[in-house]
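Okay, here we've got a single chain as structure tokens, the form predicted alone, with questions on binding and movement later.
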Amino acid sequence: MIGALNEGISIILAGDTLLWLALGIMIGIVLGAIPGVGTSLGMAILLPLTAPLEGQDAIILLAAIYLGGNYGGSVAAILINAPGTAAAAATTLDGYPMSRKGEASRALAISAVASTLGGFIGIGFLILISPIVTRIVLQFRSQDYFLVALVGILMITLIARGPLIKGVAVGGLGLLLTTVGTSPLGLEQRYTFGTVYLFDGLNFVAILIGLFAVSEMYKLMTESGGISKGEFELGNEIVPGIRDALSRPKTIVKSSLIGIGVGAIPGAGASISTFIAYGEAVRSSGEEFGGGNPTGVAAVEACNNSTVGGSMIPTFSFGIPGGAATAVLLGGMLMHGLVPGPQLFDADLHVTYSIFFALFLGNFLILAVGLLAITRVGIVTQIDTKYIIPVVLVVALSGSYMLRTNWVDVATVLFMGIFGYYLRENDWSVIALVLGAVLGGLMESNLNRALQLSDGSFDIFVSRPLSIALTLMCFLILFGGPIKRKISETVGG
């Protein structure tokens, strides 16, 4: 193992590998910051162009785009409430309120440091114990995937603001949105109204763009001046932001472990793990969230980039992509003759370690770019919104059309923008709707599959130790708070 690691490091330091790593990180940051474009689309476009490269250089370029994109999604999320990627949706909850208070550079600095630390933990974990984790991942079945998604949904009880019943109702509406289109286990059409444009359902990225970016632009139309309503001094908030991130080691480590664990589950990914990490931060800190709490930004961003390391586990071990980006990465591996499976951890272990170590180094570049360049972009929050709004709307609508070249996605963005504005103005939980829309498809397909395997018996959800543990976790999220208060009252009384 040590010999393979040394050989992998020598591969990184030879030739142009470091240049491809740096190029991938920069491309990823830019793609991740553009709402609707995202890393998977950029990786897919660039995939054919990697043909002339050496196998490990091509995979390092694609993996670096993935890593950089996960960080880049937070930039637009913090500055204009427009998550560049689905994983950055949770960043908007406290990151954008910080920008509104004139603390955009501080939030961006927290994001850069937390993302870097999360990336170090995720990739370091991957290098050290990936053979062990692969055995754990193999234990997951359909019912376990469903229960993991249910854990994400139940986070509504922790992070939804306002009356709980309103959060649950809106979360249910989000789940209903995922039923539009073709049934995952059959050919019947649901709520398509006879039009082929709805056969593939509603794209959850388009829903996110509408709920966050477009609804915020509608809100800004009623205001004057810039996005920031507080005093803004360029560069003065960077050091406090670094201090904010470094002073929360427990949150960052815990969130990173959540990112690794959930990211290693095929089909889960950062869009689930970040909300779970945010919900855990809310549960454990006892602080107020949703109004610009640095802990919320640190938790989400550490989880976001550590998920990259977790998602590599099923991709490299079994050839099972965890999401769209890792699916493109898998295609690149096969294109360049790297076959996922035991060989990557045996004869080709040096190549595997070269990729992992390159991503480890890539986090240093994210830190440098984030602190030296991206934090300066906070000046955008001072520009008059009459210039910001048209640009954001054009980018949002163009990006939504590029998702699937389907005009339904453009209509989805516009409608969800109006609906999101209504929810905000009437104190309904937007994030509950997002959780439902993001997790609904995963829940439905795995619930149906699990019930088919058990002939309709719900006993399958408590038939194995892993399933029982996840079921207990769901129970504790729902009833842990009331039970804890009851015990405290009994002991105190």
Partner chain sequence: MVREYSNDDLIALVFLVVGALAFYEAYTEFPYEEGVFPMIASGIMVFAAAIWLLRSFLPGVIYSALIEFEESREIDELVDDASDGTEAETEEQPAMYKLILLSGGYVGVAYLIGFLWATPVFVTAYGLFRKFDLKNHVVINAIAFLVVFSFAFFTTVPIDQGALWGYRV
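Positions refer to the first chain, counted from 1. Given the structure is predicted, the values throughout are model-derived calculations rather than measurements.
Another form exists, predicted in complex with its partner chain; not displayed. Remarks below refer to it.
> Is there a non-hydrogen atom of S429 within 4.5 angstroms of a non-hydrogen atom of its partner chain in the predicted bound form?
Replying inline: Looking in the predicted bound form, residue contacts with its partner chain include S429, since a heavy atom lies within 4.5 Å.
> Quick one: is I29 in contact with its partner chain in the predicted bound form, heavy atoms, 4.5 Å cut-off?
Replying inline: Contact check for I29: no, nothing within 4.5 Å of its partner chain in the predicted bound form.
>> Just checking whether L361 would be counted as a contact of its partner chain in the predicted bound form - the rule being heavy atoms within 4.5 angstroms.
In response: Heavy-atom contact with its partner chain at 4.5 Å: absent for L361.
> Counting only non-hydrogen atoms and a 4.5 angstroms cut-off, does V282 reach its partner chain in the predicted bound form?
Replying inline: Judged by the heavy-atom cut-off of 4.5 Å, V282 is in contact with its partner chain in the predicted bound form.
> If you check I258, I252, M416, I156 against its partner chain in the predicted bound form, which one has a heavy atom within 4.5 Å?
Replying inline: When its partner chain is considered in the predicted bound form, the option within 4.5 Å is I156.
> Out of the stretches listed (90 to 98, 118 to 126, 67 to 75, 350 to 358), which one is close to its partner chain in the predicted bound form, meaning heavy atoms within 4.5 Å?
Replying inline: That would be stretch 90 to 98.
>> Is it true that L176, R190 and I389, all three, sit within 4.5 Å of its partner chain in the predicted bound form, judged by heavy atoms?
In response: Yes, the whole trio is in contact, each within 4.5 Å by some heavy atom.
> Of 393 to 423, which residues get within 4.5 Å of its partner chain in the predicted bound form if you count heavy atoms?
Replying inline: Heavy-atom contacts within 4.5 Å come from L393, V394, V395, L397, S398, G399, Y401, M402, T405, W407, V410, L414, I418, F419, Y421, Y422, L423.
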